[in-house]
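Take a look at this single chain, the form predicted on its own, given in C-alpha cells.
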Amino acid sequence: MSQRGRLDRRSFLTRAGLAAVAGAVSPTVAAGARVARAMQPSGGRYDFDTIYSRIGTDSSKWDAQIAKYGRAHVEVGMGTADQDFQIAPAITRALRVRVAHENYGYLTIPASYKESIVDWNRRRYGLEIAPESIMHSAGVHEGIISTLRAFCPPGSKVLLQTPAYDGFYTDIRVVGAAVEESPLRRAEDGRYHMDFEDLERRIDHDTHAVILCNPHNPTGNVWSRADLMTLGEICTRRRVVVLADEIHCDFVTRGNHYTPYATLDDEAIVRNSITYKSVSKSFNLSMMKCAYLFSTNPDHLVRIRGAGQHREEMNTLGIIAAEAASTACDDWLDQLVDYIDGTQTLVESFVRARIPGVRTLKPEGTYLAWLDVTEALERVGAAQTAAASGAETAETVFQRYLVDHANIHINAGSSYGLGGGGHMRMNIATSRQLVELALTNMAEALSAV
C-alpha cells in the first residue's frame, strides 16, 4: 500500500477511536461508551453505522488476532462470526434489572422463556413448536454433540454438505464419528446447489446422521422447500436422521425466503429431524451461552437426554437476554437485517468493480461473504509458498498475505472442508465504514501485484 494510503487510513482510524498503539493493545471500553448514545433510536431508527470499538474487551475477532499479528496489521477483524454492533437497548435494560438483584443462584427455566421461543417462531416464521418439545442447550454445538452421541456410534459416519462450517468437523470428532463429505455443486454462475445423487451414494449402513446448515455457512445458500423435501425424502427412506442447524435463519437477503425444516409438508420427514436454534447470531449474544433444540419426535428427545447425556446447563443472564430479544427486539433486528442486506450489496458491487482476482455473489442469507480468490492466489504465488512450507494451504498463505499487506483478517476457505479451496470467508457484520476500509485495503494490496 502507498504511504499516502496508510496515512489516510491512520487518520480515519484515529477519528474512529481505533488507532494503532505501537507494541500494545489499548483498552477502548471508554471509547465504546462514548458512542453508545448513537445506538439509541433517532426517529425510530437505530444507528448501525457508527463504529463501536471492541478492542481491549478480549474479543476473539479483534484482540486474539491483534495478539497474533500485531495491532498495526489488524485494522479490520472479519473472522469470527459475531457482530460488532451494540446490542439492542431492550436487552441491556432487561440485564440491568436482573443484575440489580445481585444474586445468581441456581435457576429454574421460567415458563415465559419457552413461551417467548414459541411466540418468536410463530410470529416470524409460522412455525409451531410445542413448549414441551424444547430442550435448552448452552449452545448449538452442545446440542449437536449430544445428538451425535445419541445416534452415531464411534466410527460411524456423519454426512456434511461441503464446504461446511468448520465447527461441525470438531463436533463430529468429539464423539468419535467420521466425517463423510458430500460436495455441493457449483454452477457456472457461482451459485451452489445440493448434489442429491452424490449425497445418497455416500450413505451406507454406517451412516446415521446428516448435519444440514440452513442458511448455509459459509456459502450463504438459503435452501428452498423443494431442496429440503428432496433431502428429507432421501434421509427418511435411508434412515439417516437430519440435524438442522438454523442458527443463521434470521439473516435472509431480499428476495429470498427461509423455510424451517420443521414446517415441511411430510410429517414423517419432520419426525426424522431435530432443529437447533439460538439468539446468539441474531442478537450477538454468543457468550451468553443460550440455545435450544426441538423435535416433533419425542423418542428422539428421550434418546438425546439419555444416550446423548444432554444436560440443560443454564446461564441466568443468558436466559434473561434471550427472552428480552425474543419479546422486545423485532424492530431492532428488522433494521439490522436491512442494514446487513445493504452491506452485502455493497460488497458484491465493490468486489466486482475494484478488486482484481476476487469474485463474489450476494448471498441469500447469513452475514458472511464467500469470496472466490482463485485468481488472487495465483497473483500472490500462494500455492508455491504453501508447497514450500509444507505446513500451510494456499488459503492460509493468502490469509496472512491480507494481514501483512491489507491489514485485514478473514478466514481461510480451506478450513471449511472439501470445496473450500480457492475461497475465503469474510464476516461483514460491522460498520459499513469498516467494510469499505477493508475492501479498499484489499483492492490496493492486490492491485500492487
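Worth saying up front: this structure is predicted, and the values here are computed from it rather than measured. For every residue, the number given is its place in the sequence shown, counted from 1.
One more form of this protein should be noted, the form predicted together with a small molecule, which is absent from this view; the next part is about it.
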In the model of the complex, does residue 242 come within 4.5 Å of the small molecule, counting heavy atoms only? no
Flag residue 81 as yes or no: does it have a non-hydrogen atom within 4.5 angstroms of any non-hydrogen atom of the small molecule in the model of the complex? yes
Taking heavy atoms and a 4.5 Å cut-off, does residue 136 contact the small molecule in the model of the complex? no
Should residue 141 be classed as touching the small molecule in the model of the complex when contacts are defined as heavy atoms within 4.5 Å? yes
In the model of the complex, does each residue in the set 213, 247 and 281 place a non-hydrogen atom within 4.5 angstroms of the small molecule? yes
Just one of 128-136, 186-194, 213-221, 68-76 has heavy atoms within 4.5 Å of the small molecule in the model of the complex; which? 213-221
Counting any non-hydrogen atom inside 4.5 Å, which residue from 370, 165, 85, 251 sits next to the small molecule in the model of the complex? 165
